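For reference, the chain that follows is the form predicted on its own, supplied as structure tokens.
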């Protein structure tokens, strides 16, 4: 079936919206858009970063998820307390595959779930004393931990516990950084505010509090890469081949000291703009460190980004950058020769968070695949402004899409593969549609860098051309 035209997609939006009551229809219409790459800004045609409507099923998380699950949680040599009832910590336990080196429980605490396990008596009498005792026990049990964060859950804010005072007292008593993070889940409209709140606590409690042992003119920091499946490691290989020195990773496989000393970097390389643009802007304003968004998904975008990064440095780095690109040409061509004939013309729908709805478009296009729909769980309008240029003409754009809408769009546009999250995965697989979990690479990865593209291409082929789908039919094939 050929892809729908711009007019047909606009009619599809109207058809899907017709199922809603009038008020809900008027609200949801603001979040759906058929792309026009010539548009300069989405502010007049798309609404983003607004509260989800009660009664509709969306895929968003909360502010706690944005802070603990994204920004702070991957910092490996700190213990991150889920302060509140056990459920939030349990849900966030080891879900994002943030790879990190070290020994669990010794100098690496990423995969551990540490919770204050709030009970009814704590709600009534407050949890400050319990929190203090917990912090002392953490110091005793994990003596090599470099610091502690307090990730507050909803009840903490509702009862008014003063985690800032506890953190200040215990930091002085134990002589270690203890960072209070007011990331109660009810704050904001999604996990996006949790990113911002976490960035602010890094700014206020961590950044610039230590000096590096040495400094060079080629020091860079990777900002907003959480090392999903090893992505940050794949990126480091490229940057180091260019002659740059990566002094910090925020925050996948990252350490407290790296975050403390990043203010000495010569350039911040921002991978996930949505979660870390705040701290990058702060470092530019306070320390004069420029920042650059980069994209290492697929050979085309890798080449563009490598040259853009090299342009910030001297001819030595620029020459090395060209050598890096040339050295991987043959390998990348071999990947394309193998997989592009099997994937050419296949249609893709995306619905993810962070940077992926736009960053992975180039990798799919390298394989000859077409993006027919994309959208963000918790994007802002500046995310969609960046997406306009990456997505093709007439690509369907959907913000905070509901479960009903996404299924209806899939049935009508008939993608060959869908890339979204675990909440959508099994629904579409049971519908007979090939699927890849694009939040954490479906237990695979890395997908970033030259190493990652080879795995990405293999995984897309494995999904689209899986023999299992010959034994079941998508809804439109049953008609």
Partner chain sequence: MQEALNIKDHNGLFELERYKESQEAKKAFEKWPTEDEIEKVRAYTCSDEYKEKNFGRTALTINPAKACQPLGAIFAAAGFDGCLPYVHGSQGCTAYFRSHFNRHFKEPFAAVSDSMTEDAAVFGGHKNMIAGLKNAYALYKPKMIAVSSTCMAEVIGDDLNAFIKNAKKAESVPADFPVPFAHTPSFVGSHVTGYDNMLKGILFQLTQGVEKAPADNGKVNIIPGFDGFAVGNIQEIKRILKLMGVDSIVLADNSDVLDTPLDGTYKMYAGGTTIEEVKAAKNARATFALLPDSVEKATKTLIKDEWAQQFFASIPLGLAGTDAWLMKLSEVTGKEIPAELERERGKALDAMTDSNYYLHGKRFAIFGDPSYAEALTDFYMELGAEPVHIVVTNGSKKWAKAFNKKLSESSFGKGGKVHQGADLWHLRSLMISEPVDFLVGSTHGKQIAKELDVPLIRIGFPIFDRHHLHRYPTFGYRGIINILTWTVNAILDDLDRKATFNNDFVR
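Residue numbers count along the first chain shown, from 1. What you are looking at is a predicted structure, and each value in this text was computed from that prediction instead of being measured.
The discussion below concerns the form predicted in complex with the partner chain, not included here.
**Q** Answer with one of 309, 174, 325, 246: the residue that has a non-hydrogen atom within 4.5 Å of the partner chain in the model of the complex.
**A** Result of the distance check: 246.
**Q** So the partner chain isn't shown here. In the model of the complex, which residue out of 347, 97, 301, 264 has a non-hydrogen atom within 4.5 Å of it?
**A** Checked against the cut-off, the match is 97.
**Q** Taking the partner chain in the model of the complex, would 230, 258 and 403 all count as contacting it (heavy atom within 4.5 Å)?
**A** Yes.
**Q** So, residue 43 and the partner chain: in the model of the complex, are they within 4.5 Å at any heavy atom pair?
**A** Heavy-atom contact with the partner chain at 4.5 Å: absent for residue 43.
**Q** So in the model of the complex, does any heavy atom of residue 115 sit within 4.5 Å of the partner chain?
**A** Taking the distances in the model of the complex, the answer for residue 115 is yes, it comes within 4.5 Å of the partner chain.
**Q** How about residue 366 - does it come within 4.5 Å of the partner chain in the model of the complex, if we only consider non-hydrogen atoms?
**A** Output for residue 366 is no: heavy atoms all beyond 4.5 Å of the partner chain.
**Q** Residue 339 near the partner chain in the model of the complex, any heavy atom under 4.5 Å?
**A** The answer is yes: residue 339 has a heavy atom within 4.5 Å of the partner chain.
**Q** Name the stretch, out of 390 to 398, 77 to 85, 198 to 206, 284 to 292, where some heavy atom lies within 4.5 Å of the partner chain in the model of the complex.
**A** Answer to the contact question: 77 to 85.
**Q** Where, within 440 to 475, is there a heavy atom within 4.5 Å of the partner chain in the model of the complex? Residue list please.
**A** Residues within 4.5 Å: 443, 444, 445, 446, 451, 454, 455, 458, 469, 472.
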